[in-house]
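Heads up, the chain below is alone and in the form predicted alone; it's given as structure tokens.
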């Protein structure tokens, strides 16, 4: 009995390991998905995903993985545990980016060729609405309460605010050239829109649709034309904003209080999209030209490892469980 108690005590003294999550990376040229274990930071699986997979997201319960198979003109839905395709969803032509309503339904898809946002019910597999927007819609964001969907149009250079119930645009905000991504803070008080060609991030007050600030970037030794903001992620407390700067091979870290750039982190080549682990201890980046994913320690702001994945990694999402 004493031996059993001693063994139990020894077990309890062993430090708990870091939480392990599963990350999924869409490889645009490889036509597949790389699966990573975020604890070991190693590849654990690869599976086919159709032609030119780009946008990728996962249901709030972690069961279903959604992938924009752009050249197949469809959204493929996979079982996130078995990696088996379950079905497809109508998407309109050339789906590139999408966003799920916080409830998990519906899915809002940017259709670049048709200048529309397609709204799809993920349970009935039907199109609920087609919302006309600006030329070359790209980025998609949704407010934490699910009431507002934002689309960015690359050629019109606008952020379009869409009512999620009526599917009507109620505001348009002019931003910089070629807006690529729209990201709300967790409390919904701010919206960040990245502009790839403009080289800036526009900070918008969603309540008034007023521009609060335009953030620009400067890295010694990197030409301004290489500073191309794309993916944006914000910590849940709003203290840090991370911006992928494309061919600058850097992730900018912005102070959430001052909205000033704090530092730049060197990652792989052509950093594109970003994703936190659910505990926000790690930030993953997709580096399209070096075919790898970088792991950033969010607290220390250090790049701790880069892992080779497939050909031209584009999007990344981490399962919630």
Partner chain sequence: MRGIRGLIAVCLASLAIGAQPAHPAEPQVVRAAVLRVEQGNPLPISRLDLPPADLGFAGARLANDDNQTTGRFMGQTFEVIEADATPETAAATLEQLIAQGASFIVTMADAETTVALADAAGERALVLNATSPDDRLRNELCRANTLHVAPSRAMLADALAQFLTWKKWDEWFLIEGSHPNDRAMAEAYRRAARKFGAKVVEERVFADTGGARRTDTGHVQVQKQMPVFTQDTEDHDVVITADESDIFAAYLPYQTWEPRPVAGSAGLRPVTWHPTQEAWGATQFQRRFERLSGRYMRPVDFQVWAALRVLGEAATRTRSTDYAVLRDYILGPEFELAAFKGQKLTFRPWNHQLRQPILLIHDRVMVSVSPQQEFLHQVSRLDTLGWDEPESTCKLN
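If you're wondering where the values come from, they're calculated on a predicted model, not measured in any experiment. Numbering follows the first chain given and starts at 1.
What comes next is about the form predicted together with its partner chain, which does not appear here.
Interface residue among 237, 123, 79, 145, judged by heavy atoms within 4.5 Å of its partner chain in the predicted bound form: 145. In terms of contact with its partner chain in the predicted bound form, the residue from 231, 106, 141, 198 that brings a heavy atom within 4.5 Å is 198. Residues of just one listed stretch (237-245, 98-106, 79-87, 171-179) have heavy atoms within 4.5 Å of its partner chain in the predicted bound form: 171-179.
Put simply, residue 74 is far from its partner chain in the predicted bound form: not one heavy atom of it is within 4.5 Å. None of the heavy atoms of residue 186 is located within 4.5 Å of its partner chain in the predicted bound form. Using a 4.5 angstroms limit between non-hydrogen atoms, residue 114 touches its partner chain in the predicted bound form.
Within 4.5 Å of any heavy atom of its partner chain in the predicted bound form lies no heavy atom of residue 190.
Residues 134, 135, 136, 145, 147, 148, 155, 156, 157, 158, 160 are the members of 134-168 with a non-hydrogen atom no more than 4.5 angstroms from its partner chain in the predicted bound form.
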